[in-house]
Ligand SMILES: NC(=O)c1ccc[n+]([C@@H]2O[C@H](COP(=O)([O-])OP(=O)(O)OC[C@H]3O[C@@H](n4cnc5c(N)ncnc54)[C@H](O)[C@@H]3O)[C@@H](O)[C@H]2O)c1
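There is one chain below, alone, in structure tokens, taken in the form predicted on its own.
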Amino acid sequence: MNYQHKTVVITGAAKGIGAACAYLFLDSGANVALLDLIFPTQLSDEKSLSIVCDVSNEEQVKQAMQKIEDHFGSIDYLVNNAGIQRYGTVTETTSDEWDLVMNVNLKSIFLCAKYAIPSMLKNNKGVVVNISSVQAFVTQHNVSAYTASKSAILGLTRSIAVDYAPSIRCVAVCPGTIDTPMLRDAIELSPNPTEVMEECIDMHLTKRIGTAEEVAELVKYLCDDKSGFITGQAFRIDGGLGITILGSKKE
């Protein structure tokens, strides 16, 4: 698909999956608006617009979407990628930590959709892609807030798909372990980062972790008219994580 004259809004776009999506859409000819709190490296040309924005803050999101529409003329695709991870069980997680995770991972999707979809409806067409996680289906220990937020994204995805059909399609992408700065930072918190990375690799059937670029390719395909019959669904890109039963390993 030729994305010339199309505008893509990407949250959490400064690094990881968000940055990979930004570069891929730019290479495909799209205008790209990048939203994040901090930009280590800002994209700066006539096709890109970097906006410092707390996507859990309604007024900042509202202003950002208006700025994007004024700058590029329309919003055609929204990639809700912003997300954070906090560790803890429900008894260990504080109320502030819970609220923070829910606000960044879930409320931001509500807010960005709320203020981007009206622009899409002017052209009677658009796509919203919500980045969830394989942990919307399976989970590990000590990630109660994160798992809850990523699971809720699937319900919100279905609601958006139903409420705005047929003009707007909405889908969720659920990555497994992806080589991103967030993953690297989390692994570095462990006493033995090398061992933890090996465990991450081994639990995938592919015997490797994924790349941000692989996730970006799926996101781009789901925005493409070639996937125009797909809406309301969740797509796992997880290297087979979570489909095996422990103890079934062949000799």
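Residues carry their position along the shown sequence, with the first being 1. Bear in mind the structure is a predicted one, so any value in this text is a computation, not a measurement.
Here the subject shifts to the form predicted together with the named molecule, a form of this protein not shown in this document.
This chain is drawn without the named molecule; in the predicted complex, the residue among 219, 64, 55, 34 with a heavy atom within 4.5 Å of it is 55. Note on the partner interface in the predicted complex: the residue among 84, 138, 121, 152 having a heavy atom within 4.5 angstroms of the named molecule is 84.
In the predicted complex, the named molecule sits beyond 4.5 Å of every heavy atom of residue 196. Residue contact with the named molecule in the predicted complex: residue 22 places no heavy atom within 4.5 Å of it. Shown alone here, residue 239 lies farther than 4.5 Å from the named molecule in the predicted complex, counting heavy atoms only. Residue contact check for residue 147: none of its heavy atoms lie within 4.5 Å of the named molecule in the predicted complex. In plain terms, the part of the chain that comes close to the named molecule in the predicted complex, with a heavy atom within 4.5 Å, is 176-184 out of 176-184, 156-164, 89-97, 67-75. Although the named molecule is not shown here, in the predicted complex the stretch 89-112 places heavy atoms of just one residue, 104, within 4.5 Å of it.
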